[in-house]
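As structure tokens, one chain now follows by itself in the form predicted on its own.
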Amino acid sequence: MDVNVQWVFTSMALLGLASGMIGTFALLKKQSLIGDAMAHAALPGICIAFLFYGQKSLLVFLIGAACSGYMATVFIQFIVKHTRIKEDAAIGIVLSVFFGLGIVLLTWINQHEGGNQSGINDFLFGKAASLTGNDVNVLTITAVLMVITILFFFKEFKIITFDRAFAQGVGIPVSLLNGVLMFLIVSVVVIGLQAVGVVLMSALLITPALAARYWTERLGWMTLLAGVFGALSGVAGAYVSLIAYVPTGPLVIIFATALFLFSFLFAPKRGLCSKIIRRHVERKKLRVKQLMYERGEQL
């Protein structure tokens, strides 16, 4: 296997690992929609960065996407704070406006000279094959730093996720750590845009965590499983994308969804099949007890 292809697989595995681990906390803190808003809001930032820079550069695009995503967050908070609109509705409004603006800019860029060679179209549905050596380095280093950050602050993230009041009581800087967690969510969405795409990146953030939730009640194991599911989805999606010449994003999400469905059906305690079997066994035991009781009364 070519060395560059190996690096693409490695970067996709690390992206999936980081997405799954960070997505665990986003899911438990009920911030799933934030990742979706950030991904869609990144598109106009990428387009504006291209218009200023004039050529493809992942680092410049990521800076533009991060700025655009941050602006979307500010607008969401402003709407929630100064109006009676709920957070989910505010996210929907901002997401739609930013994504619509991004599509307008993308169409305008493609209609002008050099626009088709910009590579921006790859950001819609993702294309791992378009990653260059520098892109892979940026993605790999950033993903590794995010995984290290999660491991380093795992205990603190765990406390602020389940008991914010207790965390404040023992002196944990809750606001600062919430900011760090939000920064990680935005960062993992931004670095995954070229590989997975703005349309589906949020699914890679949440789906592995949802699948992992079916297998364990312990946060540590859930975080680890979500990372493994994300890494498997990333590598499998990138592999099929490279040999079939189709966008990576939909394939990654198909594999992640397959893992979710398997977990939903066959997880030992929370899976649908195990629940059906457990109910059947309980009903059978209850029926046996009823028969024994009825026979006892007859005697």
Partner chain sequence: MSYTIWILLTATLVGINCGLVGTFLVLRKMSMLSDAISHSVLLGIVGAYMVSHQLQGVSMLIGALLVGLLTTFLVQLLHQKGVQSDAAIGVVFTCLFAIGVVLISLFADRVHLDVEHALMGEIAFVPWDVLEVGGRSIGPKAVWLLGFVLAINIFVIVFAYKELKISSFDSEMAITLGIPVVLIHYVLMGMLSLTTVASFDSVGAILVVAMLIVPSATAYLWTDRLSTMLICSAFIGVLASVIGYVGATAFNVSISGAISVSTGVIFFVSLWIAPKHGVLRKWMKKSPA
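A quick note: this is a predicted structure, and the numbers were derived from the prediction, not measured. Numbering follows the first chain given and starts at 1. Just so we're on the same page, rigid core means the largest C-alpha set that superposes within 1.5 Å between forms.
The next section is about a form of this same protein that is not shown, the form predicted together with the partner chain.
When contacts are defined as a non-hydrogen atom within 4.5 Å, all of T83, K86 and P250 contact the partner chain in the predicted complex. Although the partner is absent here, S96 is a contact residue: one of its heavy atoms lies within 4.5 angstroms of the partner chain in the predicted complex.
Looking at Y214, you'd find a heavy atom of it within 4.5 angstroms of the partner chain in the predicted complex. In the predicted complex, K285 stays away from the partner chain, with no heavy atom inside 4.5 Å. The partner chain in the predicted complex is approached by T207, whose closest heavy atom lies within 4.5 angstroms of it.
Stretch 253 to 261 is the answer when you ask which of 66 to 74, 226 to 234, 52 to 60, 253 to 261 has residues with heavy atoms within 4.5 Å of the partner chain in the predicted complex. Of the candidates I79, V174, I159, V147, I79 is the one whose heavy atoms come within 4.5 Å of the partner chain in the predicted complex; the others do not. In summary, among the residues V138, M182, L101, L219, the only one with a non-hydrogen atom within 4.5 Å of the partner chain in the predicted complex is L101. Residues of 31 to 49 that come within 4.5 Å of the partner chain in the predicted complex, judged by any heavy atom, are Q31, S32, L33, D36, H40 in sequence order. A displacement of less than 2 angstroms separates the C-alpha positions of Y214 between this form and the one not shown, with the rigid core held in common. In this overlay on the rigid core, A256 has a C-alpha that sits less than 2 Å away from its partner position between this form and the one not shown. Residue displacement note: C47 has its CA displaced by at least 2 Å between this form and the one not shown (rigid core superposed).
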